[in-house]
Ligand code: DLL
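This document starts with one chain, in the form predicted alone, laid out as structure tokens.
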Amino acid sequence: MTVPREARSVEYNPVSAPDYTPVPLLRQLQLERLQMVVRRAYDRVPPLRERMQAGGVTPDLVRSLEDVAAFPFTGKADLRDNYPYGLFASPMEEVVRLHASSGTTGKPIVVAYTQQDLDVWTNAMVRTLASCGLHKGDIVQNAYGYGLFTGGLGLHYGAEGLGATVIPISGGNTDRQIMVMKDFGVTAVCSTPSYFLHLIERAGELGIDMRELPLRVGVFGAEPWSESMRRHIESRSRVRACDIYGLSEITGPGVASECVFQCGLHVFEDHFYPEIVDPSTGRILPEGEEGELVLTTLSKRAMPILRYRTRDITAFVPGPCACGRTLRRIRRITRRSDDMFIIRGVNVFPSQVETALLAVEGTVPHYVIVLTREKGLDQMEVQVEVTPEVFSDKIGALESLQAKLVHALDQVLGVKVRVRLVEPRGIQRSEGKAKRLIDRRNLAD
């Protein structure tokens, strides 16, 4: 196999050495850290100690990695119920930073970091960016939001730790983003994939072809995105579009990352212990079987999290990666167990809709799914933008495209849905996570 250019250009960095640790040594390190983190949670976090006692388990039970299955899960509700500081294992004088979720569904989730935690996070982010093909000398435009959201600062410190030049532009102000990207000679961009699509589109309107810029790597995360969208991004910009994964509850970005071979995301297992479980029963599933990702922090001091149910659906990728990393890989996450909706008895995920739409020429990756209820029956409409060329064509061309989309969605979803074609830029753009689903069923009679 030919090694991609980016794989050869990454300078050796001692920080990345754990990625190549022999598996037996890695498992021993995981066990030692698991024993310490369970003990810390039991001794210092009363809600977690009470949960363990109720389940009849103690830290002494952990004699192998498999013993983690005996311990109770943690969920998002646990973090909200103990808002703001109820799950902290460190006194406030040792906590040097707080982050929080947006709190759009109630109280925000608060997460804490000691200085050691921030060092671990930076370590994971350096390895994330090196995995994607970045190195010292890259000029990185960081378009993730700064503030309570973990994305901006996580990528920022990781890029600086790698030795790259960071442009902390944050989100928004799209025209300025494009000007900076062009004038500063940016070689790598970090953002949500949907926002980068918006940048590509707006650049075209300004007469700038992304394919002519020095950009070579895109580091994309914070929302599910499909393989079809990856191909669309890479063809319109010539960047290598790499997927990264993380969540604030665990640390932020930096839990897992693709490498330049783009064959699954390597989990930084020396800091985060992964399991794949059946979403319904919680039973641990064998390698290769799809289920819900569960994570345990192995190095977190301020706020240790045991067996956190992410609701993200994935599977371990069997076999070694061509890059040589010994870290296990998970499949790219394109859906969650809790973003599924049911239409006339059929389970539907937004990622399936995206795959169907992008398979039909004449559309762009901007769409919205609208759910309604009519006379007691659920209805689904997909509103999708068409290209300017198709929109300016004859009515017959639009009707033909609409029929093709209805057929494509029927083939993928197994249920007929309505399709409404929207004029170019008729779908609202997002500077962060794209809002793909509007559920109006509770508003119906």
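Residue indices: 1-based, along the sequence shown. What you see is a predicted model; the values in this text were computed from it and never measured.
Missing here is the form predicted in complex with this ligand; even so, the following discussion is about that form.
- Hey, with this ligand in the predicted complex, do F149, A222 and G252 all fall inside the 4.5 Å heavy atom range? Result yes, every residue of the spot touches this ligand.
- Item | this ligand contact in the predicted complex: I244, any heavy atom under 4.5 Å | Close contact exists here: in the predicted complex, I244 approaches this ligand to within 4.5 Å, heavy atoms only.
- Item | Partner contact for S248 in the predicted complex: this ligand, 4.5 angstroms, heavy atom | Yes, S248 sits close enough to this ligand in the predicted complex that at least one of its heavy atoms falls within 4.5 Å.
- Does S351 reach this ligand in the predicted complex if we count a contact as any heavy atom within 4.5 Å? S351: no contact with this ligand in the predicted complex.
- Message: Taking this ligand as it sits in the predicted complex, is K433 near enough to touch it, meaning that at least one heavy atom pair lies within 4.5 angstroms?
- Response: So K433 counts as contacting this ligand.
- Message: Please identify, from 177 to 185, 84 to 92, 332 to 340, 194 to 202, the stretch that has a heavy atom within 4.5 Å of this ligand in the predicted complex.
- Response: Partner-contacting stretch among the options: 332 to 340.
- Task: Find the only residue in F71, Y367, F316, Y144 having a heavy atom within 4.5 Å of this ligand in the predicted complex.
- Result: Going through each option in turn, the one that passes is Y144.
- Query: Can you pick the one in D312, D270, E275, D78 that has a heavy atom within 4.5 Å of this ligand in the predicted complex?
  - Reply: Of the listed residues, the single hit is D312.
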